[in-house]
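In what follows, one protein chain appears twice in different forms, each by itself as structure tokens: structure 1 and structure 2.
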Structure 1
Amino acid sequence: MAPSIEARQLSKNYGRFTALSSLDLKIQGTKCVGFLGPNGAGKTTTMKILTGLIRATKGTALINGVDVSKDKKGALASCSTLIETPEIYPSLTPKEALSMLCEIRGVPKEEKNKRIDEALARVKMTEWEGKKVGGFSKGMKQRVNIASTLLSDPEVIILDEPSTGLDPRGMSEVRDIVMSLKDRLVFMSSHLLAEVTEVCQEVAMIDHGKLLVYDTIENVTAKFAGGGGAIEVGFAGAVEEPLRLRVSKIPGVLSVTKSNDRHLIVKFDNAAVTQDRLFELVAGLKAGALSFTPASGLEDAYLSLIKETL
């Protein structure tokens, strides 16, 4: 049977506040699914219910078809999790912490050491394997946490913002690790759209505890990013209104919005102007354009789906 994660009419209230509202989501098969949404959207809440850390107010959460609230042990038998930067008993070493999980998860004795060594090597923590976790930095702890999810070769992996606290190299290593997790179902929340675009095939977006869309990245991008291309232009100095207007008068340009002080997002009609022609035209304004980055289609879709946060 293909690995699966399913939420049926999942709701969670904190007092009168509704953090999750009748969420229906069924993910099945071996792939990586990104879980997107603004701060407070309910991503962590969903994942906590899926892993038995909290209980749903209403609805059912299933992993591989097993109801988590009825049989957590069975539901998580082949599912490993990383929810919100966990802490390890401070006086244990990474080796011992991983050893504990191997024993809980029933990794055969003769394979245990090999698996622990492999997992620690994957997150580049081998030289720290014998030191107490209590003294580790946030990012080092998170590396051990990531190693913990790789131990028992699970069919389902639930990751809540796995790159939290990691340095740039660490983030890129996490991307490589997730991409190498073939033949598995990975469900990963993240705010890094570039990361999601790179490693995931599908995305689910939620806001205010409600599911907005669940589809492949191509479909989401095609449906919600609006036709045409988008490019982000960086300038040497602050962007003033006259400059924005001048850019928007370039033939083929559909809209120009300031993304921050020195950046403009330029949407254009592919039929009327190509990306390299646009590049020349913007540079021709001699307004100090420094960089041209194609805006991610996912980001575009995200911004148009999620109008405002909180």
Structure 2
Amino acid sequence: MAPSIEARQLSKNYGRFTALSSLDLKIQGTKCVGFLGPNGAGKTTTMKILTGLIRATKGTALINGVDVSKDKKGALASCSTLIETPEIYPSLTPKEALSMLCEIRGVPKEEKNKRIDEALARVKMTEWEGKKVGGFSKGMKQRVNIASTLLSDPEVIILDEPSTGLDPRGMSEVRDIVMSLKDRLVFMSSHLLAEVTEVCQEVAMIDHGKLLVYDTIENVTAKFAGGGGAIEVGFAGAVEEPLRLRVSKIPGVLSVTKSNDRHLIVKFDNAAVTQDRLFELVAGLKAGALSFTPASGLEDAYLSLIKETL
């Protein structure tokens, strides 16, 4: 049977706030699926319900057809997760940290060393297996974290923004690892649309707790990417609402959406302003703009579907 993840009418309320609203989503087969939406859209809430970290207000979450709320152990037996960014004891080596996890997860002693070696080899950390984690970069630590998800040889892997906080080299390393896992079902949330385009075959987008679309990236792009152009602008510091509004008032700009804390996706009218001129105008705001990246078709589709952030 092909690995699967399914949400049936999944809802989660925190008092009067609705984090998820009747989410229906079924993913099946070996592939990588990107999970997109603005901050607060419900991505992490969905993943925490799927992995049994929190309970849904109503609805059903299933992993490989097993109800997580009724049989958590059975549902998660073939699933590994990396939710947010867990810390590793700095005094431990990767091999020691993974050995401890093997014991917690009940990996047979006779298989422990083999699984650890295979996991470290897959994330290219074999030469660092005896070094203390406290001296590692964020990217190296994240590679060890991803190795931890491979110890039980899972059919389903759920990753919550695995590249967050990493430098370009670290992000590239994580992308390469995720791309090597296409023999499994990988469900990965991300704010980096270019990353999703590179490593994923399908994409699910949610906003305000509701599913907007689930399809192949090719179909989503063809259906929802409109005319005009789009760029992603990276800033030195956190993007606050006043800055987003300043950018939105530039002549020719159609919409401005935060893709993460330091990036804005700017959609513009090609007939009113050229891309080069838009670069000049944004840089002229003297707000610490560091990078300008032409947006892909997926980013254009994202802007079309996600009208405003929470």
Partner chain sequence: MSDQHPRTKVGSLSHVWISAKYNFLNYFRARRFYVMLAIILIISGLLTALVGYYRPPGFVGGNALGFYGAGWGSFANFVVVLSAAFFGGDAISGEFQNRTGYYLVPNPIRRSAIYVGKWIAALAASTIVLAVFALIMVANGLFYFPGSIPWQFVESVAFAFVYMVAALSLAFAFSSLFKNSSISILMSVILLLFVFDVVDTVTSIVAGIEPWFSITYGAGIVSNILTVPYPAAKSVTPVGPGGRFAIAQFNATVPEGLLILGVYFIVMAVLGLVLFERKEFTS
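In this text, the rigid core denotes the largest set of C-alpha atoms whose superposition between the two forms falls within 1.5 Å. When a residue number appears, read it as a position in the sequence of structure 1, where counting begins at 1. Fair warning: this is a prediction, and the values are worked out from it, not measured in the lab.
- The form predicted alone corresponds to structure 2, not structure 1.
- For Thr216, the Cα coordinates differ by under 2 angstroms between structures 1 and 2 after the core has been superposed.
- With the core held fixed between structures 1 and 2, Arg184 has its Cα displaced by under 2 Å.
- When two forms of a protein are overlaid on their rigid core, residues whose CA moves 2 Å or more are considered shifted, and Thr44 is not one of them between structures 1 and 2.
- Superposing the two forms on their core, we find that the Cα atom of Pro108 is displaced by 3.7 Å between structures 1 and 2.
- Comparing between structures 1 and 2 on a rigid core frame, one finds that Asp269 has its C-alpha moved by 12.0 Å.
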